[in-house]
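Two forms, one chain: they're shown below as structure tokens, one block per form, named structure 1 and structure 2.
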Structure 1
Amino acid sequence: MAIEMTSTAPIIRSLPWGKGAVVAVLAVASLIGPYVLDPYLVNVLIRSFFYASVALTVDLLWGYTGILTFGQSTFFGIGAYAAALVFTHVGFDPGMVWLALVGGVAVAVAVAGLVGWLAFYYGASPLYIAVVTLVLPIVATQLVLSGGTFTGSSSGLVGFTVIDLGIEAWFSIAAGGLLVLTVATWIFVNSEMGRLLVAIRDNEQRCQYLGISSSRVKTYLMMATAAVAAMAGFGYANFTMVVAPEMTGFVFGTELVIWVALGGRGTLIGPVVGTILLDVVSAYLSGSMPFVWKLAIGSVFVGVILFLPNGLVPMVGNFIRGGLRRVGMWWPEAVAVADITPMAHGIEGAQAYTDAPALDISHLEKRFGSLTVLEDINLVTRPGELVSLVGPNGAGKTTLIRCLSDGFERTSGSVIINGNTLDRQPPYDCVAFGVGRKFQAANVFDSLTVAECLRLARNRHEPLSAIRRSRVLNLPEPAVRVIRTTGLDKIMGTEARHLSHGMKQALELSMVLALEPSILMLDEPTAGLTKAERHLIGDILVDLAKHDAFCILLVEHDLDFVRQISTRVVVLHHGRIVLDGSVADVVGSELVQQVYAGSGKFGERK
């Protein structure tokens, strides 16, 4: 089954002629610029272009992916020092240029990998990440300072021979490089991988539960941006013929963040224009009144963070667009409408029915300090079973689901998923074992469209592309049924943030189904849905269990719903399983009545 989305053509083809024309004009400008501009301005601009290249990497990390970094300056510095050190201590010839460039990039990438390992472990707080990126340039600067005559210490290195190019050539290299980088980044951020970055920023947890190792993605991204920053630094050192410790320092690192913030994070034009503009203006103004200039920058920065988190350039852009629209010269892009084309391509190889346990849980415990939330949980479920977990609020139902889908959660006990022993492993490994988890509160990617959310959910079956966006979305049949019945197929181009609560629930369920899991863990999947929709979901679940041999774990308060669809009911109370049997067993149980006596009637929603 596939849904074709005419709206998401390959990016290259969707590059509108207007944008193409802008790129062409800028390319010409990068060639003729140095001949028409004032030489001073040309000098300033060349440096700004290099800075803007690094600012773009900060934007990719922070604006798109949500990793606030103060450390990109270090990678810039590594590239610059690679050139200076090789040319000063080894000598200069064309071979050395390549050695220095490749060496600098390699060191930068290695350091970025190390930082990634240090900062992006599963569960690391964004604050910790920010502070690690702050420590990086401080350590780097200290290393340069203590390098004596080798690194030139505080004086930096000067007077080394560099690639001998004229100022025009440097202008073209810097401007052309920035242009190429910007276009490449534009293609990347609009690709499926690019949407993944935004997904990580929006909801890293959901990414993990879609089987994506966000830690790995972030580390690779950091390594890639480190390579770009190192190349910019390499160019910068060759142009200016000087390196100094401050190029690796955290003041420069924070300056980059300020430029990106003022320009407009999460856009490409913003950071580029912001950096160039601020750097050029500061070249003309800050010379005469440095303190007032810094005070102004600091104040504007605070103001922008508070009131214009999207930065100044997008604001100006919206203003211009609004004006053009008013005079009828600009039309907003048509809202994408998805077209569904059924294909004979059904779910790939439904699980063969076996009697091997899907889940085998023994002696599972979860404690928070002295508080025991789950105690001695023993449970075996098999394919084809639809197991409802019931119990009053606080019984530990959701905690149990969490312990089964994230290896770090449980305190002790063993969990075997489809024959795989669950170690201390992050959720994306559980997804690999066949687990699909839907959260209690709708958990989707706010900034992504419905189609994009679903495409990301397919990442394990169809690797995401870094340069294009697929026209066709291949989805397993159950997911398509949910999408069609709830009407999601009519709004494939709508951002998830604009969906109603029920629609978000349906979207998340279809995302989980798109994973093609064999074990479904659903935390109140029908909350917020209409009666009809609830029926439908129930049918689908029963179908999945019966025909496709899914093992389904359902947390549910609605007893009617439970009664209709379950093959088995497990009652949790005070963190223990108090009953485990058929629907009839449980409904007739006196114990269950007692369990619910203190917290409302069984079946009553909180």
Structure 2
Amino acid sequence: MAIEMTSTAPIIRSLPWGKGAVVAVLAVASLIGPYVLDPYLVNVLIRSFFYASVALTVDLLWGYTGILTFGQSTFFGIGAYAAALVFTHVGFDPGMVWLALVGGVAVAVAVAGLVGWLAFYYGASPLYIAVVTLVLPIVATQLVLSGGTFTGSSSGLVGFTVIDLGIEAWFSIAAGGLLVLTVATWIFVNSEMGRLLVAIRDNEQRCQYLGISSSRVKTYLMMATAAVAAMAGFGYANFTMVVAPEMTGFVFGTELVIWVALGGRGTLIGPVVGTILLDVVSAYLSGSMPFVWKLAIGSVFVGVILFLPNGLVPMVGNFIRGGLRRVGMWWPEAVAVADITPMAHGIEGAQAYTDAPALDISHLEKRFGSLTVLEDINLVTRPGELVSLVGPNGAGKTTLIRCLSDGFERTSGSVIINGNTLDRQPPYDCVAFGVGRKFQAANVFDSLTVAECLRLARNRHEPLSAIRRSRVLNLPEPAVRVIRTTGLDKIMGTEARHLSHGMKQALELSMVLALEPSILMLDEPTAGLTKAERHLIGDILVDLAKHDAFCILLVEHDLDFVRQISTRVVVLHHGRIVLDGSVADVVGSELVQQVYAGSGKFGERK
């Protein structure tokens, strides 16, 4: 099935000629700027353009992906020092220029890969990357300082031969390069891959359970931004003929973060404007009042963080948009709508019935130190079964779901999923085995629209584009059924943050079904829903098991709901399976009543 999305964007932002006109004006300005501006200002602006290129990479990492990094200065310094060291100690000719550029970029990318390996492994805290990138510029600066005459130590390297270009040419190169980089970055962040960065920032856990290795994505992004920063450093060294340890240091890395925050992170234009403005103003004022100027910058930074957390540029943009609305020159964005039509080559979601187990669990255990949460769990489920896991709070139901959808969770025992042995593997590998997990609390991407959430869920079957966003969304038939039944197809352009609780639950279920799993693991999918919504979800689950042969593992407290939809019920108590049978045998049993009432000696281990 396909969902075709059409939308009407604001004219000011959507017309190609409008964007093209802005780019053309800036391109002309990069050519005529050095002939109409003061020579000192031209020199400062060239430096600012190189700095702004690095600030853009900080915005990609921090503003869009949520990776707070202080280490982009190191990659800038690597590119600068690559030029200085080669031209000083090896020689200067066209071949050496390419050697310095390629070598500097290669070293920066390798270091960024190492940083990603250290800080982005599965399960790492977001704090790790901040700590690693705090240490990185300190280590880099110490290496430069200990290099003696080879690196110039604290004095740096000066006076080396560089590419012989005039100031006018350097202005055009720096400004033109920044313009190209900004346009390319804008295209990227508005593409499907760009939406993935926002998804990682919003909800990295959900990305993992959609089969996306966020660690890999973040590492590749770190390496790509390191390459850009190194090229900016290479250009800076060739323009100034000076490199110093401060270029690789913590102070410069922190300044980049401040410039991005002041301009407006997550906006692209904000970091560019903020960097250029602050660097130019600093150049004019630092000589006459250096200490007061640093204090002023610090005060402005604190003020922006407290009162304008989105930065200065978004505030100005909102002011301009408000003025245009008042005079009738701003068109509100139309909500995207969806047209669902069958595809001749549509993706079929139905699973084939088979006697082979979907899940085969043997002697599974989960312990936290001396505390045993799950003990000797043995369970086999098959396609077409809707197995409900019931039991009182603390019985280990959600823990069991975690152990089946994340190979790092269980302490011992074996889990075989569709014939694949689950070793110590992260959730995105479990997705490849056919597992789709829905959480108890709706787990979606608040900053993305319904359509964007569903598109990301299709990433394993249709790779995301880095340059565009598709207007057609291919979904398996079960996912389309859920979307149509719940009315999500009417609000495809609505951000997930604005959905009701029930709609968020439906969206998450649709996202899981978009993965085309064969096993659904649902943790209280009806929690917080109205009676009508619970009935609707129940009908959907029964239909998925009966007609599409999904193996559904359902965690649920409501025994009436379990009785209505289940083909089999498993009772957990104190971390052990105490009953496994048909609905009639289990739900009405005296044993289950004792478990829920907490009476008798049922909970005693044998």
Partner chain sequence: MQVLILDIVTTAAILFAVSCGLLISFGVLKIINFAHGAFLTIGGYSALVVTQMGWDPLLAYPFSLLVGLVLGAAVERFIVKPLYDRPLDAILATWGLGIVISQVITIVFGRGVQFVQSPVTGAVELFDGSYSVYRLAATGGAVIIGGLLALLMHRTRLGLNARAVIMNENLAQALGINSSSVRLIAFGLGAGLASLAGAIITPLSSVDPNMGVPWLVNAFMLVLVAGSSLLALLIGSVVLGGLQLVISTYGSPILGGLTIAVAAALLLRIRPKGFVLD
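It should be emphasised that the depicted structure is a prediction, and the values quoted were computed from it without experimental measurement. For the two forms, the rigid core is made up of the largest set of C-alpha atoms that agree within 1.5 Å on superposition. Residue positions are counted from 1 along structure 1's sequence.
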For the form predicted together with its partner chain, pick structure 1
Inset, instruction - Inspect the rigid-core superposition and answer whether the C-alpha of D38 shifts by 2 angstroms or more between the two structures. - result: no
Core-aligned C-alpha movement of R201 between the two structures reaching 2 Å: no
Taking the rigid core as the frame, does I577 move its C-alpha by 2 Å or more between the two structures? no
The CA shift of D539 between the two structures, rigid core aligned, in angstrom, is 3.1
